[in-house]
Ligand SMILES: Nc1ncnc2c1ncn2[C@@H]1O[C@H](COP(=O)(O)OP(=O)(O)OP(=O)(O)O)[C@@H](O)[C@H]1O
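Just one chain follows, in the form predicted on its own, and it is written as structure tokens.
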Amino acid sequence: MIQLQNVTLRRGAKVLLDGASITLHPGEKVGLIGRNGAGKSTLFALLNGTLHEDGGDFSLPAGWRLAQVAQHMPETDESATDFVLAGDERLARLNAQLAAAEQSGDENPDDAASGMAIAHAHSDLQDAGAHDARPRAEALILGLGFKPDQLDRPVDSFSGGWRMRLQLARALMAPSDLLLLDEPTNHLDLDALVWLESWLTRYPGTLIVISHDRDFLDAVTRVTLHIEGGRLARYGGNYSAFEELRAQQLMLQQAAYSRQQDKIAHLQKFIDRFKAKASKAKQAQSRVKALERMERVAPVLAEADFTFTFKEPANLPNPMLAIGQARFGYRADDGAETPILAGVNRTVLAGQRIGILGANGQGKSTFVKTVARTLPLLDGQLTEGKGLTIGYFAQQELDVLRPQDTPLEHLVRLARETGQHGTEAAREQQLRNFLGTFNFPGEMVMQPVGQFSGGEKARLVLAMIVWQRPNLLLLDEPTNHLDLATREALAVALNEFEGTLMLVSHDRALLRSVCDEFWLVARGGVQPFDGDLEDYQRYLLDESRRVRESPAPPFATDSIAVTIEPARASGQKPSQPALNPTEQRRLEAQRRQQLAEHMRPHRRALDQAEKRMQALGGERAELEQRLSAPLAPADIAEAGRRLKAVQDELARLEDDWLQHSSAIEALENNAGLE
């Protein structure tokens, strides 16, 4: 297990951890949370050995294998699959040993030692899982949103975000006892995020993840570590459970502080009143000592949460947009077109709050970029309402930021474009004050944007959008680099925004809290999606099974697949003479019997899954009703844990049900049945 005992960690002169003591047990899945700058990445540096404790004791089990995502952008012409395969260092080392042994054997055919080395290398490779290593690597790559035809593409041919996905796949490929993930969801779409959650819940080792996605933390983690004010506290449960326990803790602390302040005031009053009287001097002195011995309860200090609001739009054209028979895509410099979406007919009305859904690569960003005027429409009509003002948050912040410019220069340029009046000095002071409300104080407004963190760049883009006073917000993955507190501030601001919102995000909590309806970008079109985010996750599972090339089922080579209509694949007639009707009926009966035998275990599994799903559905409803009633904290925690377990088992059963249904369908298709 991992143990920290009175550990102190510093970065320069700043103390990030002061006397921290926690224990993590093998196999635990841990969410590490805290404000930006609280010390989360520093704790990771301690865990991975790049930083040592300044005080106290830290221990990690000897021999534990560590895996984490490399933060540098990979530069290599290796294929995507080979790059991910190399994440298994033991496998790479054994392959090198085999190649050396084979070369030695070729040079010295009579050398028995070379033959023994080759045999040992093959045995070790078998133990290391070499037989299925490439399929496992490809499954990781496809799960993270790549297409089958990209498996052999060079790593250098992908954009930065996609290369970071390959770094994530490479880390998952490495056999490990401890997996450290720092914001793994930043470059993922919702479909890849759902897949990653499923993979991590099955991961057998110890997982510690830093994330600002509360739904992701709730789905994956069962322990929460909170860093605040140099203290490290452990909470049992996921992020939602942590929030409840933390709120109760703060309430109790505040109550204890108030009681203690009353007691201190009472003691001090006695001391002040009687310290000068000889008859009471002894009692007064005892109360002074009581005050000195008292362990003070700290007051609950409210953190300076970041908040902002969108200005009321100057006008609200209705409709905002009218899209007719539109074709979206890319046009090259030579005029060649790459269409992504076609035949799009949609109307955007004033006040609509639309979540844009769609699997990776289906065209969500292309759609938003075209509406935002950064890509030209290939064909059709895109009519804007009179007075339309768009506030656009690009998925890559630098699409709308200039790295060499400062925040103040960005705002000065906007002020000039919007025709703001007043003297230069008055305008600059106004802009400085405005940037200060977005946590850009003092000289920070004069630093080049290229030096900022991802979260700081995201806040600057939000500030620029607010300044423009838009009536239509187009937000493409706005939360990628935002911490939990800033995400909450964004959700509050969006809910108070009086204009129209179109949002692309993998943050399900944000989508759920601010969107009233969903549009689905899929199969070359844009259509309303009639369902909620849980329905959409089921849709993604179905789509991934439809699109992804799945291996042949295990029964594809048995007698039924071979004997039923053997000439169908080639389109030729059987060469054997035609059978008489009696023989034909006998063979058909035999085939039906074979088919029934192969289908029986799948149908039995389907029946069992359906019965169990029905029972769990009833239990889930009871638990949800129970949680809506007043309960003791312990009962809330127990009901919450059971509800999560029920939901996890339901998700697993749904996967099993789909697999067996697909198997039955494949058997029926092989048998030529409708």
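From 1 onward, residues are counted along the sequence shown. Here the structure is a predicted model, which is why all the values come from computation and not from measurement.
We do not show the form predicted in complex with this ligand, though everything after this point is about it.
Test of understanding: in the predicted complex, would residue 652 fall inside 4.5 Å of this ligand by heavy atoms?
Residue 652: no contact with this ligand in the predicted complex.
Check whether residue 97 has any heavy atom within 4.5 Å of a heavy atom of this ligand in the predicted complex, and answer yes or no.
The answer is no: residue 97 has no heavy atom within 4.5 Å of this ligand.
So in the predicted complex, does residue 30 come within 4.5 Å of this ligand, heavy atom to heavy atom?
Heavy-atom contact with this ligand at 4.5 Å: absent for residue 30.
Report yes if any heavy atom of residue 313 sits within 4.5 Å of a heavy atom of this ligand in the predicted complex; otherwise report no.
No, residue 313 stays farther than 4.5 Å from this ligand in the predicted complex.
Consider the chain as shown here, without its partner, and state which of 65, 612, 642, 35 has a heavy atom within 4.5 Å of this ligand in the predicted complex.
Checked against the cut-off, the match is 35.
Ok, 376, 161, 441, 454: which has a heavy atom sitting within 4.5 Å of this ligand in the predicted complex?
By the 4.5 Å criterion, the partner-contacting residue is 454.
If contact means a heavy atom within 4.5 Å, which one of 200-208, 382-390, 441-449, 499-507 is the stretch that engages this ligand in the predicted complex?
Looking at the other structure, the answer is 441-449.
Between 9-39 and this ligand in the predicted complex, list the residues on our side with a heavy atom within 4.5 Å.
Contacting residues: 11, 12, 14, 16, 35, 36, 37, 38, 39.
Out of closer and farther, which fits the Cα atoms of residue 450 and residue 161 in the predicted complex compared with this form, where the change is 3 Å or more?
Their C-alpha distance grows by at least 3 Å in the predicted complex.
Residue 451 and residue 158: do their C-alpha atoms lie closer or farther in the predicted complex than in the form you see, with a change of 3 Å or more?
Relative to the shown form, the pair is farther apart.
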